[in-house]
Every structure is written in structure tokens, then in C-alpha cells.
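Consider the single chain below, provided in C-alpha cells and representing the form predicted on its own.
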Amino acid sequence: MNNPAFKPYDSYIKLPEEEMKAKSEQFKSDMQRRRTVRDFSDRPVPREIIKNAIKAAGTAPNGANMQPWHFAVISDPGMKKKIRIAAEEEEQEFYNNRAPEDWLEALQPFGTNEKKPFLETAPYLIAIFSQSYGITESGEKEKHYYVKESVGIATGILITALHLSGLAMLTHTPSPMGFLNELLDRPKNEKPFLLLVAGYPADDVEVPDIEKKSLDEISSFH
């Protein structure tokens, strides 16, 4: 095994504590504005915003630096329509046959159903794939580590980057999502992780009247 190469961590910026506190407060406030929406405007979004957000997601910590993710960006109307048709087929089966009653009851306050028009209306869909293994230049399999954790962190950064850029999102997970591999021609070592819908919210959009758990409910300090 070769000795690892290291270099100085010269990109770290040391901030005064008061500035750190102010930045943390601002970030908290910015993220508390984030809401999932299901009604999107068809207003175009500059592609550079999507590219920058994906570049930010690519900085996520991950197992052994294998970076086990792929972000497939869809803006073509024809492909979005195909994805909607396939997703609604799975959702119809879910709502009518597969979903247990308690799950349907949990979803009831959000007014969701098998109809997913946002998959065509929103300017961008981002299909996020997790790579269970990589393929070397010689065609051999290369094991990936902590794949779900790594892709989950990258997805969180992507959502945050898009939100702070001024866009709204919806995380969509029709089950199963194998149709995304077929439609987007993704290889066998990739598994759909999540379908992220991104764009501007519709002018008259409404969101459920819900609250997040308090700090005491989600954390403990020892």
C-alpha cells in the first residue's frame, strides 16, 4: 500500500466568534424558510445555477473518496413527460395496492396522490443515483463504501445549495424507481436514490401548515 499524499489545509478561513455566531444564525434562518412545494412555475431557470449546486454537492464527505453518486439533470420536455408517465404508474400501484393503511393516513394531511404534474411543469428534474461499485479503466469492479450515507449527505448539500440560490424543490421517491435507469440509460451499478424536482414556486402555491420539532426534541447535549 502506498503512503497517502497530504497537503496543507490552506482553504480554511478562521472567523471571529461573533461572526461565526452571526453566520450560524443567518444560515438557520435561511434554512427555516425552506419548504417543500408541489406546484411549480414553468419559468426557465439558468442552467448555471443547477451546475453550481451539483458542484457543491460533489464536495460532500464520502467513504474513501469514492464519490459514489451521479446526478442526471433532465430539462427536455419529452423526457420529463416519459418520467411522469412512468412515475404515475408506480404511484397508482402504491396508492391503490401497495401502501399500508397507516402510511396512507400519515400522508393524508399533505394531500398527495398518484398525480404528479410537477414532473412536467418544473424546469428541472435531477435524478440522483447511488453507485454500489465503480468501474475502473480496465473494466474491473471497484468497491464503494458507505454509499447510502455518502449520497444522502451529497443530496442534502444539493438541496441546500438550490434553496440558497432562490429555488424551490420537491423530493420525490416513487417506488420502485428502476424506470429511471432505463429512461436515462444509466448503468447497472447505479441505483436511483431520489428524484429532485427544482424550479420557481407557482405564484399561488400553498404549503401544509406544519411545524418542525423543537431543539429539545431532536437533540441532546452530553
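For every residue, the number given is its place in the sequence shown, counted from 1. This is a predicted model, so every value here is computed, not measured.
Just so you know, the form predicted together with a small molecule exists too; it's not on screen, but the next bit is about it.
Undergrad: Please name which of the stretches 69 to 77, 136 to 144, 121 to 129, 100 to 108 has residues with heavy atoms lying within 4.5 Å of the small molecule in the predicted bound form.
TA: Checking each option against the 4.5 Å cut-off leaves 100 to 108.
Undergrad: Tell me, which of 189, 165, 52, 173 has a heavy atom within 4.5 angstroms of the small molecule in the predicted bound form?
TA: Only one option qualifies, and that one is 173.
Undergrad: Determine whether any heavy atom of residue 96 comes within 4.5 Å of a heavy atom of the small molecule in the predicted bound form, and answer yes or no.
TA: No, residue 96 stays farther than 4.5 Å from the small molecule in the predicted bound form.
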